[in-house]
Each structure stands twice: as structure tokens, then as C-alpha cells.
Ligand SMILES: Cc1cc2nc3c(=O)[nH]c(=O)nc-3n(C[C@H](O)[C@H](O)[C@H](O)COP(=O)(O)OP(=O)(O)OC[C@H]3O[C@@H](n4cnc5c(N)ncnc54)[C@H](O)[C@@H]3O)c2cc1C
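Listed next as C-alpha cells is one chain, alone, in the form predicted on its own.
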């Protein structure tokens, strides 16, 4: 690893690849990735089908400063992204109401990005351990002690999630070394662990049911999965983005009017719209003997109504090893949303997940990675070529 470049891109994920793909060919640029191949998270996302974006991209679905997020997503929106990939032979399909998946699976996405970025030098399997500011720009030093120089540096290293896919803290460490404030990182889009009072959930491991979860004034109705370590599934993962501590509320019977069951002669466990194992476990937890609905007394129905608003405080999360993304990151107060350039250090840029911008499930984080990279590319092209 050596050389002098107009731009060095640190990180070969969605943001780094899109940035490299949109650079002016006259620029000398290099992409440095710790893994032996780029796009590791793209490869596994959406069960290997890559949920590229969402039909309903709104700032409300992101945790972060809306005034920073909005102009980036407006400038490079869903339509731009889908067209960019369509022109490169990547077909998408709308599923689950609003999510766009790749028809030919994740390798097609990675291939399109790599081909578009083929004019950029690349060093794969190269881990950067230190970044220094020099009179000429930046010096990047690898584990082996080799280095290269670049007039400008774009940090696209992502977060701390999925360490088995090569996640690294070098991006956050670099930002901090240059005086940037780091909003405390935490695992997000991740399962939640339980307190002793909810330990009976573990006996339901592998059971899934529809539920509505509320954190503050936010709510999500989707699948909830009971797991050995706690609870997971789409509803829980979205809730984890906003939960920090304290209680959450789960409606295990969304849309169900229990009043309509009171006159029924069938057993309660057979009429509750829950998997049978879950119905019996909740009845035992609520100390309600399973039997004909019409024989239940008022106090039992009252306890059962509690399943519409079952409140408890999670003990924590499943951690970074199971988290799809990292919440927190480089403070957006110190980055220009029109260029993604640092307000502290000229020539230093931040794109994608390394910033304090995190979306919910459904393609929001890929959209952010690609959009922020496109904005950055425009700025780099203008400053170097123009």
C-alpha cells in the first residue's frame, strides 16, 4: 500500500462503494477495505436479497437530526437510487408493501457498485490503524506499517455492528482524533434481553406472533419472535432503535376485542389469536386457568386485558454481534449536509453509518448510505476537478 491520491476512501461498504462509483474519472482515488472483499453487509442483508430502499423514505423513520438528514435524502432520493441501479442491470421488486429487494440477490448489487467504481484503485484486506494530518492532507497507516497520502479523506467505515463481518472502530477513532464529538454508539435493530419477571418468555423460544410495540409515542406493529435470550423480530428490532432504558409496552392482542369472547363456550386458549404455546404461557403467567370463556370472572378478564398493554423494562440488548446497525456516531452538528465535509477539518468527509444517523428496518440505512455518498462525491468532484 503506497501512493499519493486526491482522495482516499476508508471503508468498502455501501457508502464507500457508491462514493467511489460516482467520482470523476480524472480524480486519483483509492478505496481501502479491511475485508478481502467489499460489501460484506450488503451480501448478508435481507437474507442475501438486499433491501435497497423503501417506498416511504421519511426523516421520521431515522434517529438523528432531521434538518441534517432531510436535504441529503431530498437531493438523492429513492427514485434516483432505483434508477441508478436499473441502469446497471440490477432489477428490484417491491415487497412487504414498501420494501425494495434485489431480484437477483445481493451479489448483483455488489457487482454493479464494483464495476462502476472500477476506475478507483483498491486495497482489500488492508486494515488502517492510524490516520494522521499532514501539510499535504492525510497519511493513512496500515497494520503492516505501510502508508499512503491523500489530499482528502472520506470516512465510510460504518459502525460497530457485526464484528464477524469486519466491523472496526477506526472511523470513530479517526473522527475523535480530529476533535469531532462522538454521540455514544450503541447496538440498534437488535433483540432485547429480559428481566427475571419475563423469564417465562424463554420457554417460548422459536414462537412468533404479531404484536404492537410502543416506545414513548412511537409504535410498530409487526412480527415478534420469542428467543432464548429474549425477544426479537421486526417489531422488536425497530423498537430497539429508540429504546434506551425504562419500560416498553407490548400489545400481544393488537386489534382484538376481548369483550366479544366473553360469551363463548370454547376454551380461552383456543380463541386467543396467539400461538397455542404462547396463549397457555400467558394464561399461566396471569394466573388464569384455561377453560370455557363464559366461566371466567370479571377480575380474570381484567388481567387478560393487560395483554393489550404489557409493560416491562428490558434488561438490555443482544449486543453488537447480533445488531444490524450501530446507533450514534459522528455528531452531525460538525458536518455540512450539503457536502458531508467536516466543519472542523477541511478535506475530511463522513458518509453512511459512521454518522449519527440511523434508520429503521426496511432499506432506510442503505438509502442513507448511498445518498450521503452521492452528496459527498459531488462535493469532492467540484473541489478537485472544478
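Computed from a predicted structure; not experimentally measured. Numbering follows the first chain given and starts at 1.
Just so it is clear, the following notes concern the form predicted together with the named molecule, a form of the same protein that is not shown.
Enquirer: In the model of the complex, does residue 166 come within 4.5 Å of the named molecule, counting heavy atoms only?
Expert: Because a heavy atom of residue 166 falls inside 4.5 Å of the named molecule in the model of the complex, the answer is yes.
Enquirer: So in the model of the complex, does any heavy atom of residue 340 sit within 4.5 Å of the named molecule?
Expert: Contact check for residue 340: no, nothing within 4.5 Å of the named molecule in the model of the complex.
Enquirer: Indicate whether the named molecule has at least one heavy atom within 4.5 Å of a heavy atom of residue 32 in the model of the complex.
Expert: Yes, contact at 4.5 Å.
Enquirer: Applying a 4.5 Å heavy atom distance criterion, does residue 332 contact the named molecule in the model of the complex?
Expert: Close contact is absent here: in the model of the complex, residue 332 is far from the named molecule, nothing within 4.5 Å, heavy atoms only.
Enquirer: May I ask whether 16, 156 and 323 all come within 4.5 angstroms of the named molecule in the model of the complex, judged by heavy atoms?
Expert: Yes, each of 16, 156 and 323 comes within 4.5 Å of the named molecule in the model of the complex.
Enquirer: Among the candidate stretches 175-183, 289-297, 157-165, 69-77, which one is within 4.5 Å of the named molecule in the model of the complex when only heavy atoms are counted?
Expert: Among the listed stretches, the partner-contacting one is 157-165.
Enquirer: Within 41-65, which residues come within 4.5 Å of the named molecule in the model of the complex, counting heavy atoms only?
Expert: 41, 44, 45, 46, 50, 51, in sequence order.
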